[in-house]
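There is one chain below, alone, in structure tokens, taken in the form predicted alone.
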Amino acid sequence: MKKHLKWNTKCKLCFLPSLIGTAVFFVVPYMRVLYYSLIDNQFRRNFVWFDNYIKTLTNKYFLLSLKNSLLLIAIAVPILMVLALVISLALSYGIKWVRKTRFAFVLPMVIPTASIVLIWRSVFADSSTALPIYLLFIWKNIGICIVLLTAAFTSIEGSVFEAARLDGANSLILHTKITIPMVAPTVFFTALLSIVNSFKIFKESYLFYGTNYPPDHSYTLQYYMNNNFLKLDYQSLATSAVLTSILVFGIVMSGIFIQRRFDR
């Protein structure tokens, strides 16, 4: 019994540095951001409660950035997932020409963003839509999606399919009753990861347009927060950061809820 308690204590001590780091670098700063979103300014520091949130939610630039960020998720993420699924299936089935080019799908993860943006600017110099940013997001993130999905497909043991074929299952049943349910958790995780990564496209977009004020179709939440930071408007910055974190949290929790419902 004493050994068991000592082992549990050692495990807790191993987690302690990680918990301290999370508290110092994430929890405490977030509480400070939340505090700034509830006061009038950083000098008088009078509580105005939800006034900053009302102003932000009625700000046309915030609404524009929110719309563009959601459009990026609604358009680019499904395309990314479909392409990653198709390529992963091709890799798991051993299609030769796809396997020979598999290194190209991982290449975007190691190439510096600045060098890619130079190519993108020359190719899409006359573009008047958000298409270059959507394609850049897909190109940068397809590698990790393919790695995760291919690992899920190849982890399914061949004996499972053999047993199903002996029971008379055809190809359609094999995919709908075996493959899809077994890889569904990985697909949901990959989709959530892609959604979270869509909020990290600011660096690429900023380098592509080279300005703090891109065209309206590419003005995302990251631009809105960055511009408020440059203007030292900490209340608007903090408020938009809290709203963005709530949005991301809501999307992630919705995905987890759907996954659990699907597993049942």
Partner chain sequence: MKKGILLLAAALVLICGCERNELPPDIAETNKIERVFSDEDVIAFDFDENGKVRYLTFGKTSEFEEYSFSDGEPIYRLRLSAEDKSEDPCVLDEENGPANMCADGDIVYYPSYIREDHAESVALLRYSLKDHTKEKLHTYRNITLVKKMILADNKIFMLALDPANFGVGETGNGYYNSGEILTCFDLAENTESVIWDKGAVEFGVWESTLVIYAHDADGYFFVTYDAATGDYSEKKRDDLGMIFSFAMCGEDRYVYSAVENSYNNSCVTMGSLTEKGRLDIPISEVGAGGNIKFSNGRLCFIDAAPQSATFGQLIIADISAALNADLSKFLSLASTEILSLVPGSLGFSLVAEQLEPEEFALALLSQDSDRDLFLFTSQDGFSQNAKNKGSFYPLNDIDGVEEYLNDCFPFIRDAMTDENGNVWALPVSLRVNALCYDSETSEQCGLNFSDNMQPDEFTEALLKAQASGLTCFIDPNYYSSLLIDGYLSRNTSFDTVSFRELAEFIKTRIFKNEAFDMSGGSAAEAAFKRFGAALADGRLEDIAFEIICYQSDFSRYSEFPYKKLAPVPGFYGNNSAVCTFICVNPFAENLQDALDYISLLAKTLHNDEENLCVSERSVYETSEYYSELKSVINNGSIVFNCPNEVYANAFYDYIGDKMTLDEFIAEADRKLSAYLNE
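These figures come from a predicted structure and were not determined experimentally. Positions refer to the first chain, counted from 1.
The form predicted together with its partner chain is left out here; the points below concern that form.
Chemist: Within 4.5 Å, heavy atoms only, which of S37, N228, S205, S69 is in contact with its partner chain in the predicted complex?
Modeler: In short, N228.
Chemist: Even though the partner isn't displayed, in the predicted complex is T211 close enough to its partner chain, meaning a heavy atom within 4.5 Å?
Modeler: T211: contacts its partner chain in the predicted complex.
Chemist: Residue-level contact is defined here as any heavy atom of the residue lying within 4.5 Å of its partner chain in the predicted complex; does D51 satisfy this criterion?
Modeler: The answer is no: D51 has no heavy atom within 4.5 Å of its partner chain.
Chemist: Taking heavy atoms and a 4.5 Å limit, what residues of 45-66 are near its partner chain in the predicted complex?
Modeler: Those in contact are R45, N59, K60, Y61.
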